[in-house]
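What follows is one chain in structure tokens, specifically the form predicted on its own.
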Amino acid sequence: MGSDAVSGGRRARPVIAMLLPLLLAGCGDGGKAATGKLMLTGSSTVAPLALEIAKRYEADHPGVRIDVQTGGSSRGITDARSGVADIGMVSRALKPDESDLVAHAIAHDGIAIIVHASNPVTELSADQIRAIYRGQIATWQAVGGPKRPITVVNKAEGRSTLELFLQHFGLANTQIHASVVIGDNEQGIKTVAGNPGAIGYVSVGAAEYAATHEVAIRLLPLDGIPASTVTVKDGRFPLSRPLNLVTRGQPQGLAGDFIAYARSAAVHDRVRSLYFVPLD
């Protein structure tokens, strides 16, 4: 009996040795997320959050490398469709003509009107904002501020922030009398912080982060609702949006695993640290 048990054990060892690599390969992330590369392109609003999530994911998966590039939501859509990028970053909901793509929300954000911190104007009506961007109001004095020209800062074509701003205020980009055209949120914040007469609009999260880190900007309320992550979270802020990762079809393998991680509670602290609103 003892001899049979020993003999059986000896016969079992080669079988276990052959199965062990297969068993290990099937552990964790299904073997597909253990190594590889991912390319993410698109929204400058989503990019800082995606980059922070990517760093943490790479730390847990040493064989994975994730490249995050900006260029606007339009680039994220185009690159995801063409396969240039594994994942597109889009800071808005998908449009009806983008139904070939699948959106995966990773956080929520809003769009804030910002002015220089020294500007005494504390609130603008929707009509006043429209008039300023149309060039019909050219000085801050006309809205209760100082005798100073208004520097209108607008977003470049292809930015979802521009699209949502125009949609919300019922404007066409051809109507905008812009003094400065900027690309990403950081550029917009720096432009307004460096010009006491400037007005612009950027991500609520990015603006709130900057304002609380001694950057000379102030967020204006919209329709009487403060522009903040709190009002975005509770659904009161009127100009809110999802921050999406988009793919061509349902994501598989490494892309699917990364997106699942980016949507999980494991990264909620990174979402909050960048002043965005985590998923419920």
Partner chain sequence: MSTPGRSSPPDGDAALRAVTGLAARLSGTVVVGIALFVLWQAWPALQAVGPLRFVTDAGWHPLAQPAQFNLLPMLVASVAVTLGAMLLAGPLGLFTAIFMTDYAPPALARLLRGVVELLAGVPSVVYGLWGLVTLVPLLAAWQPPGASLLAGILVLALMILPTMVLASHAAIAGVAAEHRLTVAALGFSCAGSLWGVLLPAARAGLCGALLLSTTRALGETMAMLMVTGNVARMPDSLFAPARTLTANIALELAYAMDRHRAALFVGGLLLTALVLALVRLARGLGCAWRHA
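Being a predicted model, the structure only gives us computed values, none of them experimental. Numbering follows the first chain given and starts at 1.
The same protein has a further form, the form predicted in complex with the partner chain, not shown here; the description that follows concerns it.
Specify the contacting stretch among 194-202, 102-110, 85-93, 126-134, defined as having any heavy atom within 4.5 Å of the partner chain in the predicted complex. Going by heavy atoms within 4.5 Å, the stretch is 194-202.
By the heavy atom within 4.5 Å rule, which residue out of 122, 141, 167, 179 makes contact with the partner chain in the predicted complex? Contact check passes for 179.
Partner-contacting position among 247, 228, 240, 70 - heavy atom within 4.5 Å of the partner chain in the predicted complex: Contact with the partner chain in the predicted complex is made by 70 alone.
Assess the spot marked by 149, 174 and 183: is the partner chain within 4.5 Å of a heavy atom from every one of these residues in the predicted complex? Every residue of the spot touches the partner chain in the predicted complex.
Does residue 98 make contact with the partner chain in the predicted complex, using a 4.5 Å heavy atom cut-off? No, residue 98 is distant from the partner.
Decide whether residue 158 counts as a contact residue for the partner chain in the predicted complex under a heavy atom distance cut-off of 4.5 Å. Output for residue 158 is yes: heavy atoms within 4.5 Å of the partner chain.
Taking the shortest heavy atom distance, is residue 81 within 4.5 Å of the partner chain in the predicted complex? Contact check for residue 81: no, nothing within 4.5 Å of the partner chain in the predicted complex.
Please tell me whether any heavy atom belonging to residue 187 falls inside 4.5 Å of a heavy atom of the partner chain, as the geometry stands in the predicted complex. Residue 187: yes, in contact with the partner chain in the predicted complex.
Can you confirm the direction of the Cα distance change for residue 275 and residue 203 in the predicted complex, closer or farther than in this form, given it is 3 Å or more? Those two alpha carbons end up closer in the predicted complex.
Please check whether, in the predicted complex, the CA atoms of residue 157 and residue 274 lie closer or farther apart than here, given a change of 3 Å or more. They are closer; the C-alpha distance drops by 3 Å or more in the predicted complex.
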